[in-house]
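Given next, in C-alpha cells, is a single chain: the form predicted on its own.
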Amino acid sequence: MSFGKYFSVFNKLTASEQEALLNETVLRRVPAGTLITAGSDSCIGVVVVRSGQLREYITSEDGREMTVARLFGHDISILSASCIMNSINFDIYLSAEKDSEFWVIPPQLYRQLVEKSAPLANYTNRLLAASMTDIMWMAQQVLWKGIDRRLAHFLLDESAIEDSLTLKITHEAIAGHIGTAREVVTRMLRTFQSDGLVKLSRGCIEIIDIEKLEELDE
C-alpha cells in the first residue's frame, strides 16, 4: 500500500502538498533492536509506521527507561519530530522492537506544510494531544499504581500484542517498559510464580492464571 493510505490526512492536502510529501518522504527498513532516534539530538521527523513494532520511551537522569507508547502499522510518531514542536521540551527515544518499515517525513518539510495547511495543523494537534495523554497516563501509573499492578498490566498487554500466553521477553526489557529496576521485576515475577499467576523459565514467562492478573490490573 502507498504512503497516502497510511497517512490519513493525506487526501485533505492540496496536490502540491501531496507531491512535496511523496517526493521527500523516505521509506526506511530497520531490524529489531535498532535505535531510531535518541532524544532531541536526533530529531528525524514524523514517523509513519508501515509494518512492524516500534517503541517510544523516555529516560531518567540515571538511565532508567519507561515506555510511552508502542506503535504498529498505520500508527504515527509525532514525538520523533520534537525539534519542530514548541510544546515538547523533553527527550523522546524511538526504537524498533521488531523488524519494521516506516516512512520518515523530514522535520523542516513537515513544519512548512503545517504552517500552510489547516487540515494538517489540526491533525498534528490531535496527534500531540493523544501523545500527551499517553504521557500523563504513564505518569499516573508510576505515581499511583504499585509495581505489582503495573507488571500485571504489562504482561496482559504483551500477551494481547503477541496473541500468546507465553512471552519471550527478559526481565530487563520489562523493567524498561514499566520504569523500574530489573531486580524489582525479578522479585515481583517470583512472587507471581509463587502465587500461581505465571511460570518462569530462562528468557520466557508463561501466564498461568490470566484472570488473577486481570483482577490485579483493575
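Quick caveat, the model's predicted, so the values are computed rather than measured. Numbers for residues come from their place in the sequence shown, where the first is 1.
Here the subject shifts to the form predicted in complex with a further copy of the same chain, a form of this protein not shown in this document.
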{"item": "Site check Phe7, Val49 and Leu109: each within 4.5 Å of a further copy of the same chain in the predicted bound form by heavy atom", "value": "no"}
{"item": "Contact label in the predicted bound form: Val68 to a further copy of the same chain, heavy atom within 4.5 Å", "value": "yes"}
{"item": "Contact flag, Ser159 vs a further copy of the same chain in the predicted bound form, heavy atom cut 4.5 Å", "value": "no"}
{"item": "Proximity of Val104 to a further copy of the same chain in the predicted bound form, heavy atoms at 4.5 Å", "value": "no"}
{"item": "Touches a further copy of the same chain in the predicted bound form: Ala121 (any heavy atom, 4.5 Å)", "value": "yes"}
{"item": "Partner-proximal stretch of 57 to 65, 165 to 173, 187 to 195, 24 to 32 relative to a further copy of the same chain in the predicted bound form, 4.5 angstroms, heavy atom", "value": "57 to 65"}
{"item": "Heavy atom within 4.5 Å of a further copy of the same chain in the predicted bound form - qualifying residues of 109 to 127", "value": "Val114, Glu115, Lys116, Ser117, Ala118, Ala121, Asn122, Thr124, Asn125, Arg126"}
